[in-house]
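Next up: a single chain in structure tokens, the form predicted on its own.
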């Protein structure tokens, strides 16, 4: 309760890549891709970094530049008032500093605490839930400190910037038609503000399902060429032991065959068992949606707009059927952007706000799923 979205924005790279263009690279066609995914084109970052995209989306959410949505369109958010940055990504520009720290510096947010969160394509839901809970706990601590006449024992957090930014196409094998047609680049951002006594986040649900069959993964490709304590197999021992949990398929794909410059040959590309992911995602979306409704004491008919992870239109249609609602209740934006992983839900949320689909007082549901396997939903009152 009390955690409100006061700004929302998205950013896309300039380069458009159509299905017809992909058909010149791999054995596919526009009809094949559209019929199976609903995707017609995607944006590919060529000159833009993940930081560039994240900064652009954040500035629009903050009201510092046009193209975003603000609850108070006449007033931009003071950068100094942002206390927290949570950035969701699996394709950040660096490991250290974190992508969130790079956004903090680029945006000039002097007071913010910044960290990254990796929950793959469900990252938007996880990041929103983590940030909103941190604001709620901070508000409770501020109240307790005032009542007891003492200084607060934790950082005061009133405003948070939640950003998903991805250059996912850096992780794509462009010779694999099963995956290269799916993914794109982009960023989405929201500004959260704690407002005491007002409705905000009503409920959330997060779940991790063990990926025992390795149906969706990206391996690390560490450069071990200077490692002096044994060959690739010995050096990758801990990695290989951990990956063995995921079955022979994942081990073979992600790390056992040595490759030049890589730890045990770990693939830097996205590997995915499409049918298995489809089955998981369709059920996970419906499960998460039903869980947040039950926790909030609402029915599906009480929800004005459902904003799902934009992976595949067939998955969204299947989830809509299981929930007993029409596709028109869902914000579907993937035709022009594809699957942008941890930025997907926030980009679609920005589309919903900019299209006027969400008004004050509406119940809105965010729902996502991804590698890990991760899934979850968050229900809030606009």
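Numbering follows the first chain given and starts at 1. Keep in mind that what you see is a predicted model, and the values were worked out from it rather than measured.
Below, we refer to the form predicted in complex with a small molecule, which is not included among the displayed structures.
Just one listed stretch, out of 93-101, 123-131, 305-313, 78-86, contacts the small molecule in the predicted bound form at the 4.5 Å heavy atom level, and that stretch is 305-313. None of the heavy atoms of residue 9 is located within 4.5 Å of the small molecule in the predicted bound form. Remark: residue 177 counts among the residues lining the small molecule in the predicted bound form, judged by a heavy atom distance of 4.5 Å or less. Among heavy atoms of residue 36, some come within 4.5 Å of the small molecule in the predicted bound form. The shortest heavy atom separation between residue 27 and the small molecule in the predicted bound form is within 4.5 Å. Site annotation in the predicted bound form: the residue of 107, 217, 135, 277 reaching within 4.5 Å of the small molecule with a heavy atom is 277. Distance criterion of 4.5 Å from any heavy atom to the small molecule in the predicted bound form singles out 272 from the list 171, 272, 113, 206.
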